[in-house]
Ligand SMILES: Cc1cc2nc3c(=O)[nH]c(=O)nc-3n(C[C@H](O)[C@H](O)[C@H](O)COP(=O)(O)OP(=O)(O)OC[C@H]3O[C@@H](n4cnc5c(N)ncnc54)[C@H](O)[C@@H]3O)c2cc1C
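Below sits a lone chain in structure tokens, taken as the form predicted on its own.
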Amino acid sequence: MSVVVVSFGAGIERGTEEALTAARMLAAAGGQPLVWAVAGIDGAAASGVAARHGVARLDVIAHPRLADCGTDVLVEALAQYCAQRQPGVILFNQTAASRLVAPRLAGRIGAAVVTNAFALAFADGGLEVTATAFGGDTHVIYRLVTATRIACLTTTALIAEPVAAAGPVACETVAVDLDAVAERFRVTSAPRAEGPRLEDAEIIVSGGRGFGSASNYDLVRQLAGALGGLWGGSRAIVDDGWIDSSRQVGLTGKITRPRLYIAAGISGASQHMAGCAAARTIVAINKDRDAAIFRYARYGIVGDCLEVMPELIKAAQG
């Protein structure tokens, strides 16, 4: 039995090292080896990361089709890998792609699966997974008792902690047969992100309906520019057409982890907070002193954002 972190795609995604850290701690607690299985990722590029995080073995799932494949091919590759290696716990860095792959893999191999997980522990012969529910308002503990357990980790709530001394990592190739697998869906067009991503921003200024109109929202862009950050917003103003959905922060938008998050004119609904609650510092600006956002903020300003924001912009530019 082993604890396996699964990664796939063109490269190593942000959050992978956080997932490896959580997996290493779980493996140590259970007296099991930590394995990192990569599909479509260059083994040489992964070996350095594996060494920094105490991975006992790097499994490179090999087949030409994994270089650029769809979900059907990937799920089949992982199912064959599981049949060969028989892992006890499989962990994914939770992304939009892994939320598709993990449940399908669980169905294929008869495993239990939990998404939105942020804490793991072995208990009473099973795996206890603590996850968020209802947009982050509630924490739920699931006990998984199947032979193989799968969890998608929300890595914005975790911290990467490399081992003190990196040692050599055994690397093995795991061959799979994918020649007969047909993709049932074909992507004819896909959105292309341009410029910096909200998920990578150190400073984010977000606005909501408290600004009253799309023209007033320009204050958010100005403050973000003055602070050297990015601008975003709530789903409400995306629905109203003020900003594009690529700028939405929240459960159905971007999940961020900035050093500083300024929320202006945002009430603090659970769906929005799911996208920014992991920020190191939250500053809230709202004229309603009872707004939910103040429960999450380290600093709060009770006032009209149309009056407060110009002063903050002046101070940032000063």
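As the structure is a prediction and not an experimental result, all values here were calculated from the model. Basically, rigid core = biggest C-alpha set you can superpose within 1.5 Å across the two forms. Numbering starts at 1 and follows the sequence shown.
Unshown form predicted together with the ligand; subsequent notes refer to it.
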In the model of the complex, segment of 155-163, 90-98, 68-76, 202-210 with a heavy atom within 4.5 Å of the ligand: 202-210
4.5 Å heavy atom contact, residue 281 and the ligand in the model of the complex: no
Partner contact for residue 253 in the model of the complex: the ligand, 4.5 angstroms, heavy atom: yes
Residue 303 within 4.5 Å of the ligand in the model of the complex, heavy atoms: yes
Non-hydrogen atom contact residue 236 with the ligand in the model of the complex at 4.5 angstroms: yes
Proximity to the ligand in the model of the complex, single hit among 262, 27, 37, 266 (heavy atom within 4.5 Å): 266
Interface residues of 274-301 toward the ligand, as seen in the model of the complex [heavy atoms, 4.5 Å]: 285, 286, 287, 288, 291
Residue 302 C-alpha shift between the shown form and the other one of 2 Å or more, rigid core reference: yes
Core-superposed C-alpha of residue 36 shifting 2 Å or more between the shown form and the other one: no
Residue 293 C-alpha shift between the shown form and the other one of 2 Å or more, rigid core reference: yes
